[in-house]
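To begin, one chain is listed below as structure tokens, in the form predicted alone.
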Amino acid sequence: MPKRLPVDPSVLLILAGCVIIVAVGGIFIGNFFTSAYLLQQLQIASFLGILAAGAMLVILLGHIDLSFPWTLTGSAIIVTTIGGATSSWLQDLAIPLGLAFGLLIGLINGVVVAKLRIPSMVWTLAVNSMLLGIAIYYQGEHRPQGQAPELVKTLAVGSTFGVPNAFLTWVAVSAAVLWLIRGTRFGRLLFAIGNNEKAVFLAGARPERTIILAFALAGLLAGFVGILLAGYANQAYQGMGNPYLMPTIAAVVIGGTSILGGRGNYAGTFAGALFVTLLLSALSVIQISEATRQIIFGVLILAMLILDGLRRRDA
């Protein structure tokens, strides 16, 4: 029998794509080869990577969460509003309340999808729209007031021994997600439900609990990213999560996770986040329009969907 590679071939392919982007960028742009620039890209990739980690948990189930753009925006608004309060004890509640908001939205999504069987795409898109409306109703057209707590700014823009704290945070989150996926019953159920939810139910398990927990974790991670982005910009602004919708899904799908659920690996998602970040950076440097970027991500996602369909047909 041929030996299996210790790393999934798709991950190696994505990493090769990252090397190609850096190499081509270094030749034509120049600063792609500098350590400062690459460390900056790791910092920026961390926000996308943590979002993709939560999105992957839901996609493995065969569901999707489209509410995270305004979930993270809501958490950012909460943490900057409370973080700018005059009372010190109230400032201490900024981060817990920001995380609690993300967790609450995730729990609501999970309960509705698991218990009421409403399609996750429809429900979470509606929730995203409602959160947008609530934010506009609450603040009008004005920018949210306040500032991020010092701890948040340290996590988002600080560094340890030259390595961005945001990247170290992403590594820690990745280790936890990898353990959940590969080392727990919850992780095994994610794949099983994604492949055949009815079979899991007939086997005596409770798919609803796993679905609720997956959406809750996705919401929690989205809220955490909103807090980090608030620290990165030292402010919150309406729609700050919108640019992350397509790149997050692209990172997960490019990483080899089937959009229909039941198959995927976190190493691919990690590499996918790096690839998407470098690609976005390259497109930005050469001044590709936003419309063209969206087309590129759409083509990438469609290409991976077609490839996944061909794999399933040949299986």
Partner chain sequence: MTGMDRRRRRLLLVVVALVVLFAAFILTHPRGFSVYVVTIWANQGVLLALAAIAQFFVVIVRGIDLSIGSIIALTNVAASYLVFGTPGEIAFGIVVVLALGVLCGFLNGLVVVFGRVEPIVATLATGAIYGGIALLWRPIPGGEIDDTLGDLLTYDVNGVPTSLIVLVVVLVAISIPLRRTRIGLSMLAVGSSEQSAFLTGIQVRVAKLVAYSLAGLFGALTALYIAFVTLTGDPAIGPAYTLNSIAAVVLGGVPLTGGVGAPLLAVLGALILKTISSLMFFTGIPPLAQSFFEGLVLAVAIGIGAIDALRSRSKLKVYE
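Numbering follows the first chain given and starts at 1. Note that the structure is a prediction, hence the values are computed from the model and not measured. Take the two forms, superpose them, and find the largest set of C-alpha atoms that agree within 1.5 Å; that set is the rigid core.
Beyond the structure shown, there is the form predicted in complex with its partner chain, which is absent from this document and is the topic of what follows.
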Review point. Tell me which of 75 to 83, 102 to 110, 182 to 190, 195 to 203 has residues with heavy atoms within 4.5 angstroms of its partner chain in the model of the complex?
Key: 195 to 203
Check your understanding: Given that its partner chain is left out here, which of V163, V122, L90, A175 has a heavy atom within 4.5 Å of it in the model of the complex?
Key -> V122
Revision key, fill the gap. In this chain shown alone, the residue from G158, G133, P243, P96 with a heavy atom within 4.5 Å of its partner chain in the model of the complex is G133
Check your understanding: Should V171 be classed as touching its partner chain in the model of the complex when contacts are defined as heavy atoms within 4.5 Å?
Key -> no
Exercise for review: Using a 4.5 Å heavy atom cut-off, state whether P9 contacts its partner chain in the model of the complex.
Suggested key: no
Point to revise | Partner proximity in the model of the complex: I259 to its partner chain, non-hydrogen atom cutoff 4.5 Å | key: yes
Review point. Does its partner chain come within 4.5 Å of any heavy atom of V19 in the model of the complex?
Key: no
Review point. Which residues, if any, of 63 to 80 lie within 4.5 Å of its partner chain in the model of the complex when only heavy atoms count?
Key: I64
Check your understanding: Can we say the CA of L300 moves by at least 2 Å between the shown form and the other one when the core is superposed?
Key -> yes
**Study point:** Outcome for the Cα pair L300, A218 in the model of the complex, compared with this form (closer or farther; change of 3 Å or more)
**Key:** farther
Check your understanding: Do the C-alpha atoms of G17 and L305 sit closer or farther apart in the model of the complex than they do here, given a shift of 3 Å or more?
Key -> closer
